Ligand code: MLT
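Shown here is one chain on its own, the form predicted on its own, set out as structure tokens.
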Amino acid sequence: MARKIKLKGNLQVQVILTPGMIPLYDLDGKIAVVIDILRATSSMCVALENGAVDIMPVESVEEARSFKIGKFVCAAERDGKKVEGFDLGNSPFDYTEKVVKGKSVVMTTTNGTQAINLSRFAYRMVTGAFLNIDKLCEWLLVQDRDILLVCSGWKNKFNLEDTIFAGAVISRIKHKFEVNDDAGIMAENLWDTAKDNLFGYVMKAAHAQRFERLGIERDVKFCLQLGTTDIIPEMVGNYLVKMKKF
């Protein structure tokens, strides 16, 4: 079957399955949507909704630790667990109004913050989660730029939950954006398979099973809620901030 040729002026949406694949794509002029459903991009929505001023995503625990003196609330997670000595981990339940309101948050996570820092040279970079999927897709549909859906995966490997979310986004915006890569086709097929029992399907994922062993299954349930917030975190300089009305 012949591949559909992109016509001049057609807008595209593509899926990057892992951060390790980001160098294979041209970010210039494109909108990057970074996805880490379990749990970084979900927790970022919660933090900003609960009044955090901004979030600085950093790659290493050492860099995050360097901000512990000062105005910052410092969060660090590795392998699903809060790093010892930090204020917060990566659970959305950590980012309560009492803890983050009026504060700047420095965050490092196993996967999500790495993907964010690799995607920051896109024309615009936002983060996506099931929690903000309604508002995110509403915003994407009024953009006139190609879109890259960047899955954070697990330590540079493919994961189910981020790819399923990418497919959910594609299902909502494909009437405007052309899908002509196999990763995007696969992502939408995964969403179609999972959408009627999202929690049950995601619990098959290796990362969700890690959470089950850690006793934090409730985080999975929380992160799979659809459209609970209008917050779209957007990278401005070195910080993720709440996108202003569009």
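Residue indices: 1-based, along the sequence shown. Every value quoted in this text rests on a predicted model; they were computed, and no experiment measured them.
Beyond the structure shown, there is the form predicted together with the ligand, which is absent from this document and is the topic of what follows.
Asks: From the list A187, A40, V33, I55, which entry has a heavy atom within 4.5 Å of the ligand in the predicted bound form?
Replies: Going through each option in turn, the one that passes is A40.
Asks: From the list N156, N117, S171, T110, which entry has a heavy atom within 4.5 Å of the ligand in the predicted bound form?
Replies: That would be T110.
Asks: Does F67 reach the ligand in the predicted bound form if we count a contact as any heavy atom within 4.5 Å?
Replies: F67: no, not in contact with the ligand in the predicted bound form.
Asks: Taking any heavy atom pair closer than or equal to 4.5 Å as contact, tell me whether N90 reaches the ligand in the predicted bound form.
Replies: Result yes; N90 sits at the interface with the ligand in the predicted bound form.
Asks: Would E77 count as a contact of the ligand in the predicted bound form, using a 4.5 angstroms cut-off between non-hydrogen atoms?
Replies: E77: yes, in contact with the ligand in the predicted bound form.
Asks: Report yes if any heavy atom of F211 sits within 4.5 Å of a heavy atom of the ligand in the predicted bound form; otherwise report no.
Replies: F211: yes, in contact with the ligand in the predicted bound form.
Asks: Out of 128 to 136, 102 to 110, 141 to 149, 171 to 179, where are the residues with a heavy atom within 4.5 Å of the ligand in the predicted bound form?
Replies: Among the candidates, contact is made by 102 to 110.
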